[in-house]
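In the structure tokens that follow, the same protein chain appears in two forms, which are kept apart as structure 1 and structure 2.
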Structure 1
Amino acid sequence: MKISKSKPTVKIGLCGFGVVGQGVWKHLEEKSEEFEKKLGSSFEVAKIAVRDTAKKREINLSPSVFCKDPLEVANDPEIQIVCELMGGTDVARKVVLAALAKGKIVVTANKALLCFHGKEIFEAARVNGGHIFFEASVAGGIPIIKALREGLIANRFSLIYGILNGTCNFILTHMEKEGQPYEVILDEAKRLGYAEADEELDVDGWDSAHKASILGFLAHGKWVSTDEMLVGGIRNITQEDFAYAKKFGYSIKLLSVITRDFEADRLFINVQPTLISRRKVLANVDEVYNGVCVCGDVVGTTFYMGEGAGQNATSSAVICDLADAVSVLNGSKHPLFSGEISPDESNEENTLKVSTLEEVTSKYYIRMVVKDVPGVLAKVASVLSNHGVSVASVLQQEGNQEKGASIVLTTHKTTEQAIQEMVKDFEITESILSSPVLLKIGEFED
């Protein structure tokens, strides 16, 4: 890497040198002169922690730059910025806390780490005068964290919602366009490298939940654990659901929704497959792209879209954080995570509560397979009535005694508590042959 003799050099340590780590190195190398002009400093990747120092890599670096222990990077007194790009939570947590304990700057793309240990990490930064930057942890190359943290600082946010997982968006997009079942498109996503061999975190909604937790903290100063969220995935969605969506002008997206009721002082986060009107911009965000809508009381609704993952998108976000880190090293104070401010100490953190399921309302879509015999609709209606769920529409497709018939219901607005209890009753009703598919019907203001 080119090192300026006339301007200060910032030494960086990388923990992890996979796809993202190599992308960061590549772009820092290729644009070193541009960064020096813009930032007044040059970068040097001084040490890189990897599992196998002998592994052959496309990037040819001196063997002396590599080490096996990421804590060696965190504790090196010459390294000013530690980039945690390993993934996982156990070793990553130790590395991040070790670096912050020495008052260093940490840049991370690790959403699970922040979701599970964010409160501890930010407290360590505050106590020790360290700094934590994490733009790459949510929505890849979209600068959504910088927007919430800086660009929209004048606003209170009643609603933030969006597509935060590119794998699920790719699968849903291609199910809709190609008319193929979930399993076929999942295999295609794996072949193209959009889905991991173990797809559970993505398709069951947990990756999106980790990211939503971070956005909830940024917007409202409170960490909401995944245990306090409503989290669902896309495994049970079929072409029947897409047929219904198309008929009524909807698209199906896995949406993360962060809702704040300021009057009741309540916050709720849910991640669920949702029917959203095709007239909405977000409904037309396809393939591996992410999209986020932010509703502020001053600015109104703003929309952000871009690649949610991949080497270049994530590297762009990491380098954005490196630029902010250089500003801190040059004396400017970061507006939120300067090591002197801790949102967890605010009064709001002490009073803001997570909404109960009885306080959360929505309209819903329910599809189930039932026995094709007389009296089934009456039994379905009885369950609905027992839980006070009002039906807006009913569609019944002709079936047969062997495979059963499909019933599709939509409801008027009702509570999440009532819907969850209703679904449990449907699952033990003899006339119903399959677990109901439940989708929210998204009604979002422009």
Structure 2
Amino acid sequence: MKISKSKPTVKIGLCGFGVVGQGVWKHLEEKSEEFEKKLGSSFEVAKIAVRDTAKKREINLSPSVFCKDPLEVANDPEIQIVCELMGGTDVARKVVLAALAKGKIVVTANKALLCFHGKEIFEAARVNGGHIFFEASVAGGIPIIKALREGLIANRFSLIYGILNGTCNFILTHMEKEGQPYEVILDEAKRLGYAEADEELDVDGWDSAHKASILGFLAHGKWVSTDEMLVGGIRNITQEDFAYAKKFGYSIKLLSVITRDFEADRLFINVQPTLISRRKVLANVDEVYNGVCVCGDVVGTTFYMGEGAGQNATSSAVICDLADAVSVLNGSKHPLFSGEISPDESNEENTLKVSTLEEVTSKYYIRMVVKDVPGVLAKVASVLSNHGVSVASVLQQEGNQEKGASIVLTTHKTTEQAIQEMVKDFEITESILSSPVLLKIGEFED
């Protein structure tokens, strides 16, 4: 894809030529002249690593451009920018570290990689003079990394929350609006290229957690690991939950919430299916869209929305990084992306602690199917009272001996610790027939 010989050509290596890799190639090709005019440089995709070089692809290129070993791309002295678009955390980590060890610029869309190995990767960039760019790793096409690092640099962030997974939002939207079955919509999300190779990362909340960890690092200088978060997914939500949500004026969204208490010097990240009032903008962010609300002490509340997954949105973000990479090659420095000013090195890293579950409170919706026999409500009440959980409302729907009856409870504010322990108790209570569905009740001021 040589655009011009008269201007400097930047050689790129792609590790991965799937949904995202092919999208990046396509848009670089289609807009080559525009990029050259805007950036003063042209791009040449010099080498592409894939697992299966014989695979038939959306885009047909000369076999000579492909190789099987992504380290060959990372170590190629001709390649200045290495795009890691493979996914996974093992080979991807080796490739990124190898490229950074050579002082190269790395662009990645891999949120799991950054969540698990971000600290090591930033350090490798610092030590070897490389750069790591990762705009596509959070919220697809929304330039949220740029917003936090550049546009909102004047701010401290007490709260960042939003929808960070396109696949889950696509599923929830189609379940809610069209009553389609979960499995059917998940298959469609896979076909459209939204879902991760391992779809459990999406539907069980882990992908959102990886992204929230990156936002937490950018906003607060601390990598919070997924085992320090409260993470839930959307698998057990049913049409019954949507019916209750509608009745009370809510939508159900998988929300990631990053809360910073500056006075107590505490940080907490949770990813949970959440009831959110339909009056809120976020409740109306549907389909594959993501929406992120960032509350800054100087700017106030800002809101960002755009497609959160898929070939085009993600390619847009990767190409944004390629443009920044060209600036670096032309001599400008990005202190964060070169690991030179890592928020990790600030004082905050030494004192900022992750909140414990006893320190965080929330209101909840709990739905469970119970045996339709006398005394069940009393058993439920005793579990609630054992954990000090105060009930705000109870709804019981008439059931039958065979299928049982649904009970829907909402709680007053309760610690996360009490709620989690209470759910574990419900799970082993004999008269409760299925795992309770737990939805957080989202209360956001703006």
Ligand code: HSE
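Computed from a predicted model, the values in this text were never measured in an experiment. Superpose the two forms; the largest set of C-alphas matching within 1.5 Å is the rigid core. Numbers follow structure 1, counted from its first residue as 1.
Between the two chain copies, the one drawn from the form predicted in complex with this ligand is structure 2. A displacement of less than 2 angstroms separates the C-alpha positions of G300 between structures 1 and 2, with the rigid core held in common. Once both forms are overlaid on the rigid core, the distance between the two CA positions of D198 between structures 1 and 2 is 2 angstroms or more.
The Cα position of K119 differs by less than 2 Å between structures 1 and 2 after fitting on the rigid core.
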